[in-house]
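Just the one chain here, laid out as structure tokens, in the form predicted alone.
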Amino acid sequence: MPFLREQLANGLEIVAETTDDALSTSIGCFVKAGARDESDDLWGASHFLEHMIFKGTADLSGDEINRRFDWMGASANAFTNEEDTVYYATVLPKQQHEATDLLSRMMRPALRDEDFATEKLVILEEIRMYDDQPPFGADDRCRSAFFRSHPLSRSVLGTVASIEALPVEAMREYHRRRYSPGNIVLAATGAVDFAALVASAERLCGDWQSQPTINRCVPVPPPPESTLSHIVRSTATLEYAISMSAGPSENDPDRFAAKLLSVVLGDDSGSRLYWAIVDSGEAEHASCHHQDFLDAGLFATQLSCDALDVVDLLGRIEEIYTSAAAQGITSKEFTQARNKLAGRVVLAGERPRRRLFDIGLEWSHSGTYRTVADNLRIVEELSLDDLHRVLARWPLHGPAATVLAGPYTADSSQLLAD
């Protein structure tokens, strides 16, 4: 699987992992623009702009964009998170140029007043829907409490107030700065004709104007003291709890061990949380996962259960984490989790679209490339000592931000005391 890279004079990077026997081609535009790049008056602009990209260009309507993807038989979509906005399409190899052409043209949208006004209503409805369904915005509130003044505290959707106040002129300026060629990576995986991809990019994107480089990393505040807040939804069937504690960032070598540790402690099956409170029927769901960002990381614990049991189960989860820190992980647990993680790495590596996300995001964030074999080797070289080091450096039973959402209405201070 050769990895190839080219850079246009205006700064646009083109990367590809080519697979001779692949039967599909995945192409994506990875834009370094997410919730962390917004100010108070632009809160939600990245996600809003993702919607606007599909509303059309100066010479293509939104309907025409959808029809062209449909004509290609493409599987196409987009997503926005805290650090990225990604547009992608998977097509047959013979449609590589057509997909590249359409995606690149979409990166220069019309941003028409009338489309902006219409799509603003769609975004506002999405925010209200998100707040009205489990876990009722608890994850966004927890992230805000955990990161506090750091840009990662911002929710991706924004708020009703920030979206209502956002003018189209501000979005146009945000697009001009964030969608510059040096802030976009054009990535491809599978059956890729790289020379043709570069030629397409040069013709379609070569005249994009460069913009100054933007530093995205800022100092991360120390982990907060334990905090707790409630979102009361009296009609909810279950109580949802989300808790976040500090973990290794994307540039910390311990991030791989952190992901393996989360499999041991909180995988959806076969983990300590699963056997302790899910398999017994006491909780509908309990999990732990590690998430890393450019300059920060966290462990997120999620629980859903009967409201009357939430206090007891949160205490038992803390006991599980405390026991892991004090007594360590067993060799059997470690081997099982490592086998599971290794299997997931290999299975994901067999899918061009999944490889597109792995390669595009990694290159966009750090300018590094790893093969599936590299990723597998990293997992297989992890040791029990690595997991125990993570437990010591990043204690999951330490200070954490916690949010409860559901019918539970007990006094917050009493819950902390319990």
Partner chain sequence: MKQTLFSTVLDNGIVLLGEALPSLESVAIAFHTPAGGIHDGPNRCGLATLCGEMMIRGAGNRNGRAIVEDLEGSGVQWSQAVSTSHASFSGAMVARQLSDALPIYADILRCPLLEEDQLENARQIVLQNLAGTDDDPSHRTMLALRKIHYPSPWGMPSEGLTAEVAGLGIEDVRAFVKNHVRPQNTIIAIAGRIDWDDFVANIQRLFGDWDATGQDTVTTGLRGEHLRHVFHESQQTHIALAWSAPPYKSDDSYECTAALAVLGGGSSSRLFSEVRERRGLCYSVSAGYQTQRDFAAALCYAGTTAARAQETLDVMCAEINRLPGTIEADELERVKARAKSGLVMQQESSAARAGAIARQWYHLGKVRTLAEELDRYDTLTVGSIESWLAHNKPGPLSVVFLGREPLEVPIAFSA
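Numbering follows the first chain given and starts at 1. These numbers were taken from a predicted model, which means no experiment stands behind them.
One more form of this protein exists, namely the form predicted in complex with the partner chain; it is left out here, but the text below deals with it.
Of the heavy atoms in Tyr240, some are within 4.5 Å of the partner chain in the model of the complex. With a 4.5 Å cutoff on heavy atoms, Arg128 counts as touching the partner chain in the model of the complex. Shown alone here, Asp41 lies farther than 4.5 Å from the partner chain in the model of the complex, counting heavy atoms only. Put simply, Val192 is far from the partner chain in the model of the complex: not one heavy atom of it is within 4.5 Å.
The partner is absent here; in the model of the complex, the one residue of Val346, Ile214, Val218, Ala326 having a heavy atom within 4.5 Å of the partner chain is Val346.
Only one of the listed residues (Asp312, Glu169, Asp279, Glu164) places a non-hydrogen atom within 4.5 angstroms of the partner chain in the model of the complex, and that residue is Asp279. At a distance of at most 4.5 angstroms from the partner chain in the model of the complex, none of the three residues Gln7, Ser249 and Ser287 contributes a non-hydrogen atom. Contact annotation: the partner chain lies within 4.5 Å of heavy atoms from the stretch 48 to 56 in the model of the complex, the single such stretch among 32 to 40, 356 to 364, 381 to 389, 48 to 56. Scanning 338 to 366 for heavy atoms within 4.5 Å of the partner chain in the model of the complex gives Asn339, Lys340, Gly343, Arg344, Val346, Leu347, Glu350, Arg351, Pro352 in sequence order.
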